[in-house]
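A single chain comes next, written as structure tokens; it is the form predicted alone.
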């Protein structure tokens, strides 16, 4: 049995999803997989900061947030520590960096990840910012210090897209990766195909919680572009930046465009692509008309999907949720268990 002590930087939906998994399945993980997982610290900007070297009950953490919106009711020998102190001075050996995402600078998450590595602690993150913007330097430092960086949840939530490419398809010679990497835009396009206007489809996406009040990051392709950069840099060892991605969103698509595609037995999808062209990797995000025979054409609603084009296996497609509390929480568990196996 191996014990893992975790410090969670952020305790929003993702952190709470992980805590729920641990509450419901912690005994199974310990008895079947030999991983005894304890949350020893939480540091959240709004909910507070607590630390107990012996760990907290995941269920008590969830109840505190559900009932009071904060962690003040939790008994803890240490509280109100700064984020930096939580990372450096707790007995956590793995840091879950799940604070808010900034795709312009990657901060403050980048600082937290670097601080964790400097103190010899593994990092698992669902935060696209630092991974999209600074992965080459992060992974170089991690290798130098013999530290693991888990980032599965940065692309398709808990659906094992990154690890599939990095590990199981490592020898298959990947030449191209195409994906539906943003559930919000996929939902909007699905609704437009069912007859809704863009504005009505966006309003429905916002009502369901798929789209933010300001949907620019989704509908203009910035979110998908960040994931394209992550895939290129993790899977193909590149140093792509957001500026390198040829990006077009879906706001220009009209009902007439949708109908024309339907008449041709095709379907519009916002597709993120990385492809080897003359020895160079190119990245793009743009609306593409796919024939109905394409494996990504049948993926509707808020679901995500990724197709790897390989020399040895042809096309390999993985389809699954691209968001969700439990689903993204699971990505952290998947990364932690990968550390456990090593």
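Numbering follows the first chain given and starts at 1. The shown structure was predicted, so the numbers you read here are calculated from the model rather than taken from an experiment. Superpose the two forms; the largest set of C-alphas matching within 1.5 Å is the rigid core.
Just so you know, the form predicted together with a small molecule exists too; it's not on screen, but the next bit is about it.
Shown without its partner, this chain lists 132, 113, 181, 188 as candidates; in the predicted complex, only 181 has a non-hydrogen atom within 4.5 angstroms of the small molecule. Scanning 167, 212, 80, 137 against the small molecule in the predicted complex with a 4.5 Å heavy atom cut-off leaves one residue, 212. Three-residue candidate spot 163, 230 and 335; no residue lies within 4.5 angstroms of the small molecule in the predicted complex by any non-hydrogen atom. Of the candidate stretches 251-259, 221-229, 144-152, 80-88, only 221-229 has residues with heavy atoms within 4.5 Å of the small molecule in the predicted complex.
Although the partner is absent from this view, residue 21 stays clear of the small molecule in the predicted complex, with no non-hydrogen atom inside 4.5 angstroms. In the predicted complex, the small molecule sits within 4.5 Å of a heavy atom belonging to residue 128.
Among residues of the shown chain, residue 15 is not one whose heavy atoms approach the small molecule to within 4.5 Å in the predicted complex. With a 4.5 Å cutoff on heavy atoms, residue 323 counts as touching the small molecule in the predicted complex.
For residue 240, the Cα coordinates differ by under 2 angstroms between this form and the one not shown after the core has been superposed. With the core held fixed, residue 135 shows a CA shift below 2 Å between this form and the one not shown. With the core superposed, residue 187 shows a C-alpha displacement of at least 2 Å between this form and the one not shown.
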